[in-house]
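Only one chain comes next, encoded as structure tokens, the form predicted on its own.
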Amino acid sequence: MKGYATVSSPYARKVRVATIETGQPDLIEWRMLSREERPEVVPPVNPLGKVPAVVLDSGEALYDSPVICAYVDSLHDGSKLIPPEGPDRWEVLRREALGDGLAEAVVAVAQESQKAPETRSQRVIERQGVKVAAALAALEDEVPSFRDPPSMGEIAAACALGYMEYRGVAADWRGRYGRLAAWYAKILTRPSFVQTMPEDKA
């Protein structure tokens, strides 16, 4: 199957991490798109124009990251990133939503901050910044219940934190959320995160 992404997308990184964590590192043939290529290449696959998007060998398209990650998780017989049933399933999916929500707020702050001063909205930055802080505080409280090896919930949270640092949002977060910072430093040593570390600003 073929996948479309950008090098910095935290959501695409989630999928890439999931393939490695499930022992399927070559499952998706990725095409990393430039900012100029994305508006031309992605809409025929995903009408929302968002990455990641994946085209199965059957020609069917899948998007966005929660759907693709669930599909990846369905293709192996090992320990699942998303528990198949019961309270654990809903805990993992809720934590994945929290991680994705953090990433969404970070994306909004980063995009607004990159605008020219005369068009930039400080109100948007502050409103989204409140969401970032709330998500970080919630994750800090949840660290004792984090799974090892990570589930889809922890993977989503770590990818969001990686993007947050990549874009320089909430630069002082490690000093304010010590348990979360310690956990993040540890998960970054996993091969799945080492191999998917973004290298270029895009």
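Keep in mind that what you see is a predicted model, and the values were worked out from it rather than measured. Sequential numbering from 1, following the sequence displayed.
Same protein, other form: the form predicted in complex with a small molecule, not shown, and the subject of what follows.
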item	value
Thr22, heavy atom within 4.5 angstroms of the small molecule in the model of the complex	no
Arg147 within 4.5 Å of the small molecule in the model of the complex, heavy atoms	no
Any non-hydrogen atom of Gly168 within 4.5 angstroms of the small molecule in the model of the complex	no
Distance check, Tyr11 to the small molecule in the model of the complex, heavy atom within 4.5 Å	yes
Contact test, all of Lys80, Arg95 and Ser151, partner the small molecule in the model of the complex, heavy atom 4.5 Å	no
The single option of Ile28, Met164, Ala135, Val51 touching the small molecule in the model of the complex, heavy atom within 4.5 Å	Val51
Option from 152 to 160, 172 to 180, 135 to 143, 64 to 72 whose residues, in the model of the complex, bring a heavy atom within 4.5 Å of the small molecule	64 to 72
